[in-house]
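Single chain ahead, by itself, as structure tokens, in the form predicted on its own.
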Amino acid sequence: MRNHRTIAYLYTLPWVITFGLFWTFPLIYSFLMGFTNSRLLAKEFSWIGWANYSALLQDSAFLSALKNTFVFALGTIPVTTVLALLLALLVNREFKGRGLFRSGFFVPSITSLVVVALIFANLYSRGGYVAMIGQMLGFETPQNGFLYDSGTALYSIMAMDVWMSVGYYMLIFLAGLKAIPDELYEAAEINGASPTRQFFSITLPLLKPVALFILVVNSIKSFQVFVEIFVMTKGKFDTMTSVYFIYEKGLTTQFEFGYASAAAYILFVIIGIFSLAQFLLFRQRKDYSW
């Protein structure tokens, strides 16, 4: 028995070493670095305690990036979740070409984010298709394009994110719908329950764990938005988000590793609190009622 355990530990050893070197060690090291004034070109760095965190809470650029991150997350999460649920309900019905619609809605979520961002940057440009359609409908469009205007840039990226993400969450909702027994709907129909009543009394309550998973995953993804910003605006026109701020401070010309590490852990705490709040909100009612 002891030999079998030793062999089992040896088999897991490569994974444990990899996890320790590339996950655990960087997490601990960056946490400690957040309490220093470490810079790339500095020969020495010293322990400065909470000075980085104190400076960040007074840094207007970081606070603006946090605000944009919250706007992005709170603006996309509800829309994406509701649209994904509606699409899942739609493609869960029997009709011709159902498989084609399912694939069509899902394909954007597996397309390269960089490719999608470049395509939408072209669509949002001055004289692009979005501007042309807006002008045809009588709307006033930004003179230099949607991504070069502080009033529309962030919301344009949010719209792209919703379009790209909704198919993935639709598929998860669809899996949850398939797991609901048909007998429940048959019994409800026999008892005279309308389709609306069945939706709110059967479908929504039983989709609660699925909805929680989607909300938590989507929240973590939204708070960590980076690629879209990097490709489409480089953080300009009031689109700077928390992760892009960390990237600029730590990995571009400034190389303020300590400052960037502190900012990263502030974001980590915010994501943890937001996710925990969702768990607590969904756990309040254990009778599967909304």
Partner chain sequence: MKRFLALMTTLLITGTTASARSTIEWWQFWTDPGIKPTVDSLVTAFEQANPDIDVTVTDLTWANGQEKIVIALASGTGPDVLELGSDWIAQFADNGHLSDLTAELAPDSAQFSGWGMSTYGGKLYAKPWILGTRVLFANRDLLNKAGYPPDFVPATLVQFRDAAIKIGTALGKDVYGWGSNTAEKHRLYKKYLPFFWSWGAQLFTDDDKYCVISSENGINSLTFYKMIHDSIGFVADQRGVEDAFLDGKVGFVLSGDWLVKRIELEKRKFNLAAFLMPGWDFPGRSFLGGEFLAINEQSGNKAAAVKFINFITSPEAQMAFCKANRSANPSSKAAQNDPYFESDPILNVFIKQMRNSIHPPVDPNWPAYENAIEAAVEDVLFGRGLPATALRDANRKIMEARSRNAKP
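For clarity, every value in this text was computed on a predicted model and none was experimentally measured. Residue numbers count along the first chain shown, from 1.
The same protein also exists as the form predicted together with its partner chain; that form is not shown, yet it is the one meant from here on.
Residue contact check for Lys236: one or more of its heavy atoms lie within 4.5 Å of its partner chain in the model of the complex.
At a distance threshold of 4.5 angstroms between non-hydrogen atoms, Lys208 is out of contact with its partner chain in the model of the complex. Although the partner is absent from this view, Arg126 contacts its partner chain in the model of the complex, with a non-hydrogen atom inside 4.5 angstroms. Interface residue remark: Tyr247 is counted as part of the site for its partner chain in the model of the complex, having a heavy atom within 4.5 Å. For the three marked residues, Thr152, Tyr155 and Phe279, no heavy atom of any sits within 4.5 Å of its partner chain in the model of the complex. Contacts with its partner chain in the model of the complex, taken as any heavy atom within 4.5 Å, map to no residue of 162-185.
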